[in-house]
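Here's a solo chain for you in structure tokens, the form predicted on its own.
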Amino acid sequence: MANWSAKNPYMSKITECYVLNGEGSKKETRHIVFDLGDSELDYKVGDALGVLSENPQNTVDLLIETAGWDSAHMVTTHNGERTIKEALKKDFEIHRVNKKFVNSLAGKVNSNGMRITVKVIDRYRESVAGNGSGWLDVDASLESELFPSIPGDDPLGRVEGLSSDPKAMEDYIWSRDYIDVIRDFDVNYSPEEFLEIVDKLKPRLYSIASSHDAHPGFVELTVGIVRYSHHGRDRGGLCTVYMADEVEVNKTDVGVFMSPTKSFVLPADKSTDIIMVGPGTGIAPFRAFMEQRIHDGGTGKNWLFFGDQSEKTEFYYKESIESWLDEGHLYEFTTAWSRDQKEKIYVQHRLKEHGARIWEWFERGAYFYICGDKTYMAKDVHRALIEIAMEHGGMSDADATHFIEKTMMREEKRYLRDVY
């Protein structure tokens, strides 16, 4: 069996890539299927798939044009010798500027200013020789001609301000790529200088949305396609837009590998009850969990919490979920549609509503899983569990926190998270 990895990916093909959202949705969520062919790759539910993407061709071309490079210029990268165009397409992260590049601007804007000063002096000398005008007169007359491309009054000061203020740096780089910054500061880098600073292209990991037992030879994902517009240009998530827009179904080779999990796994005892909380694309591993639990024929009950903006447009895998309910595989299904009523309802609110029964399940040894956004949703769900332990377990805030964070998470390992 080949040792497929990020450095030695298996070249797969996408066989299906379709939108899961209903008409009128503001989101674009896709079900994407990869063919594992003769790779001998295997996986278990809870694992992730690593996908190696490429940069959008239009971004590559615009960067080369903005930087003033020759697209056929040869460079040496960690993947060997190739043209700058190919290197930018396949080897480096160019969809978002990094801090190192912003910090490097200090030398560039400073030397740029020195070149302008020399240019002003040369013009001054020509002017003095020609008509006897003084320095101040020449400086004033040339200011608009020589300085219009420099952003702000003090480009070096701007760079130093960004470099010394972490929040300002994060705010600046959050919505910008290298094209924006080169335009913003009107700086020049050689291809070699540029590639020394930018990051190598890294694979993206996606929670697997299928059981290999249910879909032998294939691996399936639930992917939210990220699209947005900043500074007058449409942009998107590097890998999601690559899979949605650039990859041709059954034609384009895409490098993949498995990223196994050690912790986000089903209970070994198939009679154990499980509670799964996966709003939005967080449903991915729980589709896989359900397929595996059905295949294994265990007796444990399955309770799924799912939600998104609207039932009409974001009810992913509706037919599968309804069949699991009809056939008795899914014991309970609780939804939280945030925009289908005046007040916004999220999964943490539904958990609190069902707090008494959730606590009963915990006391019987149920496992609790959560997948999705770690910045807000996971924190809110975590707090909801602590409040459930306080209200229905009769615990103090400190004891409830200890029970959820130490007893369940660390000691018993039955509160498991896949958050990003």
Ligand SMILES: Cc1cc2nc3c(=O)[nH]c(=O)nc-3n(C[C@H](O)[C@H](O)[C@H](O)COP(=O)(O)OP(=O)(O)OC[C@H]3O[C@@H](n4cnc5c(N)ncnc54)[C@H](O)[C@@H]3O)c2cc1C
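Being a predicted model, the structure only gives us computed values, none of them experimental. Residue positions are given as counts along the sequence shown, with the first one as 1.
One more form of this protein, predicted in complex with the named molecule, exists but is not displayed; see below.
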query	finding
Proximity to the named molecule in the predicted complex, single hit among 237, 155, 191, 267 (heavy atom within 4.5 Å)	237
Partner-contacting position among 219, 84, 304, 284 - heavy atom within 4.5 Å of the named molecule in the predicted complex	284
Contact test in the predicted complex: residue 95 vs the named molecule, heavy atoms, 4.5 Å	yes
Any non-hydrogen atom of residue 205 within 4.5 angstroms of the named molecule in the predicted complex	yes
Contact of residue 318 with the named molecule in the predicted complex (heavy atom, 4.5 Å)	no
Residue 329, heavy atom within 4.5 angstroms of the named molecule in the predicted complex	no
Candidate stretches 99 to 107, 225 to 233, 290 to 298, 320 to 328 - the one whose heavy atoms come within 4.5 Å of the named molecule in the predicted complex	225 to 233
Within 4.5 Å of the named molecule in the predicted complex: residues from 13 to 41 (heavy atom criterion)	none
